[in-house]
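Only one chain comes next, encoded as structure tokens, the form predicted alone.
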């Protein structure tokens, strides 16, 4: 299915990292009628408001990029919030898309849906084959429910709703709050602040041995638009970079990009999370899509975005330019 450039497209969560990347890609490709609402304009947890919005705006295509997200600490300390809010958001949007005749919907999940000890790389068929990682199981359960909801509406109502499972993401508009952020933005902020404070060391969570795969948000946006045009299957599809590295190796890249010259100290009393999370993205690769932004180049772009964002502006007098390319 090819989307007409004049189609009405709703990006739920268009101000977040993923949603804003999708919005930029739609604009770049010349889609003229984009619909986005801030949280203050439309509460996606409010069923009546969401249905009124769909009735008024009548979007033809929908990207469900809105979600309550966070790292290990946030998931571990706010389990009810992560499960309840995400169930509400996706249920309201998906059901309203059915009620008001949306032509096609793309739901964005998360790699945390897979079992903690899933074989690597993780294939789509490994879903529900074992226990989840305890520290983010609440978010994972909500995302699994979203996948199954899309499948259910396809089977019962014939809706063309697809689900996309991205690997760990980073990029512009990432969350740098140390209480709720994921590993890469947390490392960027910690190392930047240590550099500006002339600290001799930075404490990093865990052992540094778990492996993670990371994908630049704009690469995911390209994948999402590609799949909205090219993919119509019920089974969800993985979107990853294709390779991973240890968190220790990731920290060393961030250290080099930021220009922090001190020591990285690993606090093994803190949780590691899943030992490895590498996606098997062979199905989307076979369709012809590939990521374009390599990890170090992407981290440099993310660091520039951090320096231009609110987290760094709070201490503007301390900001220094990122280390130059060798």
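Residue numbers count along the first chain shown, from 1. Being a predicted model, the structure only gives us computed values, none of them experimental.
Omitted from view is the form predicted together with a small molecule, to which the following refers.
- Of the candidate stretches 146-154, 218-226, 107-115, 252-260, only 107-115 has residues whose heavy atoms lie within 4.5 Å of the small molecule in the predicted bound form.
- Using a 4.5 Å cut-off to the small molecule in the predicted bound form, not one of 14, 98 and 102 places a heavy atom inside that distance.
- At the 4.5 Å threshold, heavy atoms of residue 210 reach the small molecule in the predicted bound form.
- At the 4.5 Å threshold, heavy atoms of residue 71 reach the small molecule in the predicted bound form.
- With a 4.5 Å cutoff on heavy atoms, residue 272 counts as touching the small molecule in the predicted bound form.
- Taking the partner from elsewhere, residue 190 is found to have a heavy atom lying within 4.5 Å of the small molecule in the predicted bound form.
- For the options 205, 170, 176, 161, the residue carrying a heavy atom within 4.5 angstroms of the small molecule in the predicted bound form is 205.
- 183 is the sole member of 183, 132, 122, 94 with a non-hydrogen atom within 4.5 Å of the small molecule in the predicted bound form.
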